[in-house]
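Just so you know, structure 1 and structure 2 below are the same protein chain in two forms, each on its own as structure tokens.
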Structure 1
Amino acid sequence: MKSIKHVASAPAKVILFGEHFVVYGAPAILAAINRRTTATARIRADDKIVIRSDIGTSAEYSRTNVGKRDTTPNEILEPIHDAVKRVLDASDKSSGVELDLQSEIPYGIGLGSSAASCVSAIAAVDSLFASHQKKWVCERAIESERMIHKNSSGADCYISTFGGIMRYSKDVGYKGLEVARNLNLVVSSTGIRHSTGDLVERVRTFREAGLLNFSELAKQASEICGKAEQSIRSGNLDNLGRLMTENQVLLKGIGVSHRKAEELIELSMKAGALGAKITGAGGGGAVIALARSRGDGARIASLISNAGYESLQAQVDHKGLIR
């Protein structure tokens, strides 16, 4: 009997504006980018859930013996296992599943690798038994990703599922933004993995210490987001770049930047970037730079690579989840 398989893929993300301040009510702007995690799911004859990832890790679980694993527990794959189990439990099937993950998304630097993995895994396994809408996939991916980011807003999973550029805030939720011009981005890695939870706690401590007027900084971050939204809608790249650099000043002010991130920002600007900033929690992680064109992006990426850092060109992914 020929093995049935289903494939699904979901994109990475960057935060263009508003990270950290979004926790305290300010808006943020996120974009899906055209780097993907692809999940391939197959039905097994036994009850096991077998997960393999191209980052060099694998795990095997038993559906009937809850908590029993045939391999050492793996922190990276735990939310993926949870995601697969949620789909299997929602079906009336007793079979197991084999899942292979291949990713173009660097892990642990704030590009939403865990969200893309959860979204693609749920969609691939769901396709073996049913074909639920994207909203259904997104809701379960958010639940699984919270095994890593316990207080996650779910924005990473949302942008990975639906793609494009969106504005998010606690009071309004998600709102897609129309894009006048596609954005040419260069994403570079400091090579330093970070803990989002630790950095969020650092900002909370900073805020409570009252060393600066955090409310005023959050107000400035909100104003920057509002202007950035207008620039995205109108296609004003020069203004968008300037706003990215202004946002970086605020992030540096609350202590979440890093020496290597600052070096990458300087390299990007010297190579002709319109603006650059950290993306995500900071403390290392990744930096994004806005280029005027693909050619400019290639020059920026080349200079960063020559300086010994990993870099890649990216554009906005408007497709989101594909299966």
Structure 2
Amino acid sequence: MKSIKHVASAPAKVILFGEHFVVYGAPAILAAINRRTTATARIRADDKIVIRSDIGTSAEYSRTNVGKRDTTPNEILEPIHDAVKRVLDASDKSSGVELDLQSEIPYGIGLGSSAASCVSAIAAVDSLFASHQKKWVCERAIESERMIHKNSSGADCYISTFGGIMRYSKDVGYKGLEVARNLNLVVSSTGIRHSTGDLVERVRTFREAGLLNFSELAKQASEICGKAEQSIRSGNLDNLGRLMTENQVLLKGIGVSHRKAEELIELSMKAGALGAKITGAGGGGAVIALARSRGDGARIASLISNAGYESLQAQVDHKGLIR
């Protein structure tokens, strides 16, 4: 045992392009942003896994008496418990763990709070016994995420672990993208929390109903991703913004937008954004807008706040998981 207390943190994410279609093999472009979840792990003398989160939830589990939970089931903490248990089981140690999570990431609005919690929790607990590579942490986080969202593409855990801006697809995996210009993003919240699993399921039903040619929409989403990759590399912000707005048309088409999200997109565009779209699963959740400069971003964010919505300016986080 190396130490009795370890800390790890992992960032939030936005999906710039390709959410939902990525579940069916299309590429997505994601960015980690400068809001983090920090996990602090301590070894316990007994066999309990105790998890406390500053969003006001806590849960206590027994390792030996599997299935025994000392608190009522908790959807938010369940994957984190699974993640911690996986690491403890891999360590061959019989001790329990106490885990404290502090998060700057609003949860349930598509900013990857669940992935950041799983990634930071796994890394903090792993550091108590070993020091596995980031890839090891990421793979376990994806397995735990799949408890609540069984068709997860894995994209959220990859970006939270490795940071920066990346192109991700299920087949090819991830590739970091060089950015020619800083991206100034404004993230605003509809205030409506969603379940990613439910929305992915909604898209599956939509796809199977065959009303629109889903594979044609996925092809268009892939083309948008390809062009966006070039615009990111060349620093063409105007093109990037236009492509975000084009991507939003597809997301609206598959039924994952929301009246309030459309209102936020309209507000962002009126305030001078270069493009705007929902980010993540949708159905409410968050909207991202691309600003030409930090100053423009501040103006867009304040106009959105004046309209009664929460909004924040976000910068790309290049570090990913820190332990």
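Along the sequence of structure 1, residues get numbers from 1 upward. None of these values were measured; they are calculated from a predicted model. For clarity, a rigid core is taken as the largest C-alpha set superposing within 1.5 Å between two forms.
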Note to self: The form predicted alone: is that structure 1, or is it structure 2?
What the structure shows: 1
Check: Aligning on the rigid core, do we see the C-alpha of N236 shift 2 angstroms or more between structures 1 and 2?
Finding: no
Check: Once everything's superposed on the core, is A90 shifted 2 Å or more at the Cα between structures 1 and 2?
Finding: no
Check: Taking the rigid core as reference, does A301 move its C-alpha 2 Å or further between structures 1 and 2?
Finding: no
Next item on the list: Align on the rigid core first, then pass along the CA displacement of V200 between structures 1 and 2 in angstrom.
Entry: 2.7
